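Let's start with one chain on its own, the form predicted alone, as structure tokens.
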Amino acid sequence: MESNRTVLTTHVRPDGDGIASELALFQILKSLGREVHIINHDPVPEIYEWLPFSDIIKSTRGGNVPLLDSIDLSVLLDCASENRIGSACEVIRNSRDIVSIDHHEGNECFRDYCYIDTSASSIGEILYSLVPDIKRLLDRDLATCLYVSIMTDTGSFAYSNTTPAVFRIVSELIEYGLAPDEIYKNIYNHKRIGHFRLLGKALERMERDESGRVVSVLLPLKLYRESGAVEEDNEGILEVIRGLGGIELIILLRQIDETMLKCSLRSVNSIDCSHLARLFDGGGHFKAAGFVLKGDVEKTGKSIVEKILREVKECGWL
């Protein structure tokens, strides 16, 4: 598909896979002579600001929508649903063509074309496998972005989506001069004090169901204010809780703002998180999924947890 002006975007509250895969595709398309813009709803999280070319990413949050005369192609990365890209949708809505590249189950194909591979660990893995002659384009910057995309969505190669293909790809990327220890430190070892204060409050609020195999945590907005925590300070909380022995499912409910809450689901073995998320019009992967709802964690959080627990029991997962 020929395109002169291309816009890339990803989901609201972008993670490492969304940001790094955008930057990887930006470099690929620029090397092919395309005019490329990256426009997201949210700004780049601080922990990813060191990535190559991250300063070119524009945010539409607060009504700051860039004006482009015409767009030939828009590409949604790590998100195939219109309602997951926030106000960036206003920019791409009139694109001549819109393409979705994703690896989540239960996608909606937004507009024209979709490439969805649910067996892939990340968008970085898809791009590495999908782009013809990718090795001809690789340099340290591109390899870094592809590596970060894969590393963050495999939980630093600890999740079950870490396949032999993943190790083959990252071993080839490292040959371009990457320092895996430095990349890890840049993302995970530069946390703010607000993260640790929030983590402490989250651990204090952990509750187990009667079976002892489901843990739920409810984080109202006041805890963020007390901790001085911001959105990206949530990074890593679920991973700490996963270390608790004997659990099968983690339910983390947190207040995003005055009107919206977000639920993150993580399973250890046989519980299908994507199925549970779809009960609330969310989605994701088998072992990692989530959804966003209008509501207040303190008022509706327990009823949401109870609905999830009922479904888990009816499906015979506990």
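So that there is no doubt, residue numbering starts at 1 and follows the sequence shown. Only a predicted model underlies this, so the values are computations on that prediction, with no experimental measurement involved.
Form predicted in complex with guanosine-5'-monophosphate (5GP): not shown, discussed below.
Peer 1: So which of 271, 250, 288, 51 gets a non-hydrogen atom within 4.5 Å of guanosine-5'-monophosphate (5GP) in the predicted complex?
Peer 2: That would be 288.
Peer 1: Using heavy atoms only and a 4.5 Å cut-off, determine which of 267, 264, 60, 27 is in contact with guanosine-5'-monophosphate (5GP) in the predicted complex.
Peer 2: If I apply the 4.5 Å criterion carefully, the residue I get is 264.
Peer 1: Any chance residue 104 has a heavy atom within 4.5 Å of guanosine-5'-monophosphate (5GP) in the predicted complex?
Peer 2: Yes, residue 104 sits close enough to guanosine-5'-monophosphate (5GP) in the predicted complex that at least one of its heavy atoms falls within 4.5 Å.
Peer 1: Taking any heavy atom pair closer than or equal to 4.5 Å as contact, tell me whether residue 47 reaches guanosine-5'-monophosphate (5GP) in the predicted complex.
Peer 2: Output for residue 47 is no: heavy atoms all beyond 4.5 Å of guanosine-5'-monophosphate (5GP).
Peer 1: Residue 195 near guanosine-5'-monophosphate (5GP) in the predicted complex, any heavy atom under 4.5 Å?
Peer 2: No, residue 195 sits far enough from guanosine-5'-monophosphate (5GP) in the predicted complex that none of its heavy atoms falls within 4.5 Å.
Peer 1: Would you check, heavy atoms only and a 4.5 Å threshold, whether residue 292 touches guanosine-5'-monophosphate (5GP) in the predicted complex?
Peer 2: Answer yes; at least one heavy atom of residue 292 falls within 4.5 Å of guanosine-5'-monophosphate (5GP) in the predicted complex.
Peer 1: Of the listed stretches (52-60, 34-42, 66-74, 275-283), which one has a non-hydrogen atom within 4.5 Å of guanosine-5'-monophosphate (5GP) in the predicted complex?
Peer 2: Among the candidates, contact is made by 275-283.
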